[in-house]
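Below you'll find only one chain, the form predicted alone, shown as structure tokens.
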Amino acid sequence: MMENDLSVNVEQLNSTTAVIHLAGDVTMFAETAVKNAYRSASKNDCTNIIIHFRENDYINSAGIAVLISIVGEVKKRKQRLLLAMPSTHFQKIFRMVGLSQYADIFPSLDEATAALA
């Protein structure tokens, strides 16, 4: 797998909420891109971070580790982390590794943003 197997974009929804859009495989090659996106999303004192899984086909233990490192940063900054549209398989993995204890999981981006209203 190559680093370009993942596309990462940050969208500022409003003054308190940013969305990190992920499309592709979440592996060790994603670490720099995802962490940079999180830093960008956290600028301007953003309090809500949504990670939007769009077309993710694969996540491995290194990809899970990247997400866990984001959870640590979110806790330090007293932010809220929401995971939107992960596949059923990803949701199962997130529950197994305990990510669901630190992030709210929603079946769609619209439902995640509505939960912030």
Partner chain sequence: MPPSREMRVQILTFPNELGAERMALDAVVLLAKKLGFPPERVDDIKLALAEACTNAIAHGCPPETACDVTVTVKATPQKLDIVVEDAGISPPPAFITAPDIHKMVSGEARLGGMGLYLIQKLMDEAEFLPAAAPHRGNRFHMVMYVPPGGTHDGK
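Since we're looking at a predicted model, the values are computed, not measured. Positions refer to the first chain, counted from 1.
Heads up, the form predicted in complex with its partner chain isn't pictured, but that's what we're talking about next.
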In the predicted complex, the one of Arg77, Lys92, Arg39, Arg54 near its partner chain [non-hydrogen atom within 4.5 angstroms]: Lys92
Ala23, heavy atom within 4.5 angstroms of its partner chain in the predicted complex: no
Thr47 within 4.5 Å of its partner chain in the predicted complex, heavy atoms: no
Asn60 within 4.5 Å of its partner chain in the predicted complex, heavy atoms: yes
Non-hydrogen atom contact Leu13 with its partner chain in the predicted complex at 4.5 angstroms: no
Full three-residue contact with its partner chain in the predicted complex, heavy atom 4.5 Å, for Met28, Ala65 and Thr88: yes
In the predicted complex: members of 90-113 within 4.5 Å of its partner chain, any heavy atom: Lys92, Ile93, Met96, Val97, Gly98, Leu99, Gln101, Tyr102
Outcome for the Cα pair Ala30, Asn56 in the predicted complex, compared with this form (closer or farther; change of 3 Å or more): farther
Distance trend in the predicted complex - C-alpha atoms of Asn56 and Glu31, change of 3 Å or more: farther
